[in-house]
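First comes one chain, alone, set out as C-alpha cells in the form predicted alone.
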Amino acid sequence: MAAFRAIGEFNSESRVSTWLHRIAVNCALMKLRIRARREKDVDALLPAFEADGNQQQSSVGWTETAEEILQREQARALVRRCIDQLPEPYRIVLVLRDIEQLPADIVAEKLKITRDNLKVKLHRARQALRTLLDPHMRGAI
C-alpha cells in the first residue's frame, strides 16, 4: 500500500527494487517505533533497592496461593452466571441488596414495592440462586 501511495514520487532513474526495499525498511522501522511506544518500561515494575543492596520495601508473603485466587474467581464467575439466570425482578432485588448492599428501605422505594414484598422476593431469589448453584457445589466439597 505504501508503494502504491508513493508511486508518484518514484524517480525513474532509480531501480524499482531499491525503491521498494527502502519503502519496506521504512515501514518496518515505523512498526518498531510504534511497538516500542506501547511497551511499558519494566524497570518501573521492579523492586527498588537501597544503596546497601536491601529492598526499600521488603516482600511480604501472599495470604492466598495462586490456585486459591483462581478458584475464588471461578466461583465468582459461576455465581454471576447463575444470578444472570434469575428472572429479572428477583435478579434486581438480589443484586441491589446482596451485591450492592443497599438498605432495604431504599431498594423497596426504588422498586416501588413494600418492604415485606422486598423481603419475600429476596428470600425467593436467594432460594432460586441456591437451586441453580447446587449442582455445581455438590462436588466441590
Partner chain sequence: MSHVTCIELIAFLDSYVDDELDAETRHSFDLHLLVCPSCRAYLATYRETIELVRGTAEQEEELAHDSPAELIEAMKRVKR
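Positions refer to the first chain, counted from 1. Note that the structure is a prediction, hence the values are computed from the model and not measured.
The protein also exists as the form predicted in complex with the partner chain; that form is not presented, and the subsequent description refers to it.
Colleague: Would you classify Asp43 as touching the partner chain in the predicted complex, given a 4.5 Å non-hydrogen atom cut-off?
Modeller: Contact check for Asp43: no, nothing within 4.5 Å of the partner chain in the predicted complex.
Colleague: With the cut-off set at 4.5 Å between non-hydrogen atoms, does Gln74 touch the partner chain in the predicted complex?
Modeller: Answer no; every heavy atom of Gln74 is more than 4.5 Å from the partner chain in the predicted complex.
Colleague: Given that the partner chain is not shown alongside this chain, does Val107 nevertheless sit within 4.5 Å of it in the predicted complex, heavy atom to heavy atom?
Modeller: No, no contact at 4.5 Å.
Colleague: Any of the heavy atoms of Leu102 lying within 4.5 Å of the partner chain in the predicted complex?
Modeller: No, Leu102 stays farther than 4.5 Å from the partner chain in the predicted complex.
Colleague: Looking at the partner chain in the predicted complex, which residues in 44-74 have at least one heavy atom within 4.5 Å of it?
Modeller: Heavy-atom contacts to the partner chain in the predicted complex: Pro47, Phe49, Asp52, Gly53, Asn54, Gln55, Gln57, Ser58, Ser59, Val60, Gly61, Trp62, Glu64, Thr65, Ala66, Glu67, Ile69, Leu70, Glu73.
Colleague: Your call: Arg97 and Ile69 CA atoms, closer or farther in the predicted complex versus the shown structure, by 3 Å or more?
Modeller: Result: closer.
Colleague: In the predicted complex, do the Cα atoms of Arg72 and Gln101 sit closer or farther apart than here, given a shift of 3 Å or more?
Modeller: Relative to the shown form, the pair is farther apart.
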